[in-house]
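Okay, so here's just one chain, in C-alpha cells, the form predicted alone.
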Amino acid sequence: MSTLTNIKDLDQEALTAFLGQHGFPSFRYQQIMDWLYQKWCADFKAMSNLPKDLQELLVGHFRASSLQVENTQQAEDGTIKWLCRLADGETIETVLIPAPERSTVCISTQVGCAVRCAFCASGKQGLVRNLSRSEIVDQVLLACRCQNKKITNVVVMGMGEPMHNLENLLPALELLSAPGVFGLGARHITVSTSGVVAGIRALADCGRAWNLAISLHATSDEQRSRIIPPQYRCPIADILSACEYFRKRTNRMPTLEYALLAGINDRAEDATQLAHLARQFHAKVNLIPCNDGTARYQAPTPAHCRQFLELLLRFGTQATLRLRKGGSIQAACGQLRQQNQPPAQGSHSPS
C-alpha cells in the first residue's frame, strides 16, 4: 500500500491551507468531507464534483483509505469480519453485526494488545502499535460501504485497549460524532475498557455523551487477578470511583461487561456480589458467555447462563445475556487477533 498520508489525519485548518496553497477555494474542503464521510468514498477519482486537477492533486499527496481488505468472512447469522492490512504491513480485524433495525461495527484501536486478558486472543502476540486516527475511522467507513448504508452504532471493543490510545481515539470519535462530518450521535458510540482508571477519567473530561463499558469479568480483586495481568489491573474500588466520576460528568450509566467463565466466576455468590457492584457502579450488566479465544476457559452451559441472569434480575439488576454472534468465524468477543498468514481457504475479499 501507499505510504502517503491519509487525508483524514489532517484537521480542517491543515487541509484548507493545503487547498489554498494550490489555488483551490476553501469550499472544496466541505465537498471532500462529504465524499469521505457521507458517501464513504475511498477513491479521489470518484469524487465527481471535484475538478480533475484537484482529484489528481489529492491522489498525488494523500490516501483516501488506510485499509486494504485481505480477507472477508461471513457467519451464518450475518456477522461479517474483515482482516485488513495497514500501510506498514500490520493487520487488524473489524466486525460488522447487522440486524433488522440497526447495524453495529466493532472497531479496533491497536495492533495487538498489551493487557493480555487471560481469555482474549487479541493480546496473545502482545502490543505492536497504536492505530492512527484515520485507521480507526476507516473501519467505520468500510462497514458503511459494505452494507451501502450508514451504520447506526459503533462499539470500540475490537483489538486493543482503547484507553491506551486516547491520543488517536478521541479525535477519531470527534470526527464520527461531528454533525458536519460523519454525524453519528454520541449515544450511539460505546468505548470499552479493561478498567484503565486514568482513561475513564480522561474520557469523562471530554464532555461527550459517549457510552462507557467496563470489562469487569470478576466480583473481587482476587478473582480478577486470575484474568488480568497485574501491570494493567486496577483495583475494583478505583474503577468504581472513576465510573462515578464518569457518571457525574456525562450523566451516562456505565455498563459492566461480564464474561461468564465456567467454574471461575459463575457461582450464585458471584451473581449476588455482581448485583451489589452494579448498584455501587449505578450500572447495568451485560453477560457474555466466554467465547473460544483460549482453551484455558470455557463458557457455562446455556441453562446455567440463564440461571445466572435470572439471579441478577431477581436482585433488581438491569441485566442482559448477550446472544453469541460471529463465533463460527472467530468474530465474537475475545476472538479478534492479528494475523499475518495468507487468507483462509473458502474466504473471500469484497469486489
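No experiment lies behind these values; they were computed from the predicted model shown. A residue's number is simply how far along the shown sequence it sits, counting from 1.
Absent from the display: the form predicted together with a small molecule. The rest refers to it.
| Can you check whether residue 156 is within 4.5 Å of the small molecule in the predicted bound form, heavy atom basis? | Answer yes; at least one heavy atom of residue 156 falls within 4.5 Å of the small molecule in the predicted bound form.
| message | Since only the chain is shown here, I'm wondering whether residue 289 would be in contact with the small molecule in the predicted bound form (any heavy atom pair within 4.5 Å). | response | Output for residue 289 is yes: heavy atoms within 4.5 Å of the small molecule.
| Taking heavy atoms and a 4.5 Å cut-off, does residue 93 contact the small molecule in the predicted bound form? | Outside the cut-off, so no.
| request: Give a yes/no on whether residue 141 approaches the small molecule to within 4.5 Å in the predicted bound form, heavy atoms considered. | output: Outside the cut-off, so no.
| said: Going by heavy atom distances of 4.5 angstroms or less, which of 271, 120, 173, 105 would be at the interface with the small molecule in the predicted bound form? | reply: Only one option qualifies, and that one is 120.
| Taking the partner as it appears in the predicted bound form, which of 141-149, 251-259, 127-135, 233-241 has residues with heavy atoms within 4.5 Å of the small molecule? | Going through the listed ranges, the match is 251-259.
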